[in-house]
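A single chain, nothing else alongside it, follows as structure tokens in the form predicted alone.
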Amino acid sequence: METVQDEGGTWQPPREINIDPKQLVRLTGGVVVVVLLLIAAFSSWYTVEPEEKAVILRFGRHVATTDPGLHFKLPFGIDQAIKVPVTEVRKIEFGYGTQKAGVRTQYRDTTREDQATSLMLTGDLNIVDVTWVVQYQIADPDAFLFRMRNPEQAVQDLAETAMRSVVGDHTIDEVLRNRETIAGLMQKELQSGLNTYESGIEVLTVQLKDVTPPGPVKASFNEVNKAQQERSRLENEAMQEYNKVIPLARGEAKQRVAEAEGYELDRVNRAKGEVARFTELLAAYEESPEVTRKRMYLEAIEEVLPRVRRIIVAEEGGVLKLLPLDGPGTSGAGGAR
């Protein structure tokens, strides 16, 4: 082997390595196969977390929706799994914004955009300032991903439209007093709109954070509210007094009516009895007047004599002496006066 001298020493050329092309092809093919097997192994399985569902696309077409767990899919990008958090509660705030949540929640300053969202026209042509929050979940991952281009923006737009529609159907007093009713109607209308567009979204709650008149007239509305509350208090007190007095009076009235009806029934029955007795007596008198007259006299004497203390018997010849009929131990002289 030839050598070349230089300043640094002796240099020797490398030996030539002869590689068989067939062996090189086989080696390369084996490496490719191993790599493909590894790719297939890692891309054939996917895991869905408990709070998720996975939408499976095969060549871009939806073929299945899988639940949490370990699942198999076709490798090499034939099947694509898109995971969607279906248990996550999402919210959109209208008219205000939370800056820092906690025990004492901090809100950012109100912007012109917030004011434009919260100011609404009521059915009686008044303006009211409404701030609210919408909470929702993804109910149908397939519809959420592919039926609407921007479902979150759609929720925001439909929520604002629904709130303005509901507020516009009620007077300002109804909006200020019946927050729960307004929120319930707004939730139904919002859900109906989302179902119409097949958004795959379920509205959980709609909460009205604050409902107030606009700033320049807020003081006047507060005075009106105080007057209405005072009126309600007086009405409640009057109703309590009414419930205390009126039932008692009604009870006494019913008692007196019942007593009068009983007295009426007694008098009528007595009158009927006397009429029947007089009719019988008249019939007997017409048959034998003398006997009936005498019997009536004797009956009257039997009824009257037990109640008197002295008896004077008189005849046509004069007045007889007093009879001591006052009772045991009473002398005739003592009874005469």
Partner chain sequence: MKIIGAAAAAVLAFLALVALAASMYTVREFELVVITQFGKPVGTAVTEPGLHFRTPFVQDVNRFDKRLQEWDGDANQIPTSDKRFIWVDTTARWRIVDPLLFLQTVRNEIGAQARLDDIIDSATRDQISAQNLVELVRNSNRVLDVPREETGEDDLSLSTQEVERVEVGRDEIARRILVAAVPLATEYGIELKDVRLKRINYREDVQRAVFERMVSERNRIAERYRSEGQGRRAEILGEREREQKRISSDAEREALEIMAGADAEAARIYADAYNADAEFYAFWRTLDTYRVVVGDNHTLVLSPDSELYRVLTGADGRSE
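Note that the rigid core is defined as the largest set of C-alphas that superpose within 1.5 Å between two forms. Numbering follows the first chain given and starts at 1. Because the structure is predicted, anything quoted here is derived from the model rather than measured.
Quick note: we don't show the form predicted together with its partner chain, though the next part is all about it.
With its partner chain omitted here, the record of contacts in the predicted complex names 232-240 of 133-141, 83-91, 203-211, 232-240, defined by a heavy atom within 4.5 Å. Although the partner is absent here, Phe72 sits far enough away that none of its heavy atoms falls within 4.5 Å of its partner chain in the predicted complex. Taking the partner from the other structure, its partner chain in the predicted complex has a heavy atom within 4.5 Å of a heavy atom of Glu274. Contact check for Arg179: no non-hydrogen atom falls within 4.5 Å of its partner chain in the predicted complex. Shown alone here, Gly60 lies within 4.5 Å of its partner chain in the predicted complex, counting heavy atoms only. With contact defined as any non-hydrogen atom lying within 4.5 angstroms of its partner chain in the predicted complex, the contacting residues in 134-154 are Leu145, Phe146, Arg147, Met148, Arg149, Asn150, Gln153, Ala154, given in sequence order. After superposition on the rigid core, the Cα of Pro289 moves by 2 Å or more between the shown form and the other one. When two forms of a protein are overlaid on their rigid core, residues whose CA moves 2 Å or more are considered shifted, and Arg270 is one of them between the shown form and the other one. Annotation for Asp67: C-alpha shift under 2 angstroms between the shown form and the other one, rigid core superposed.
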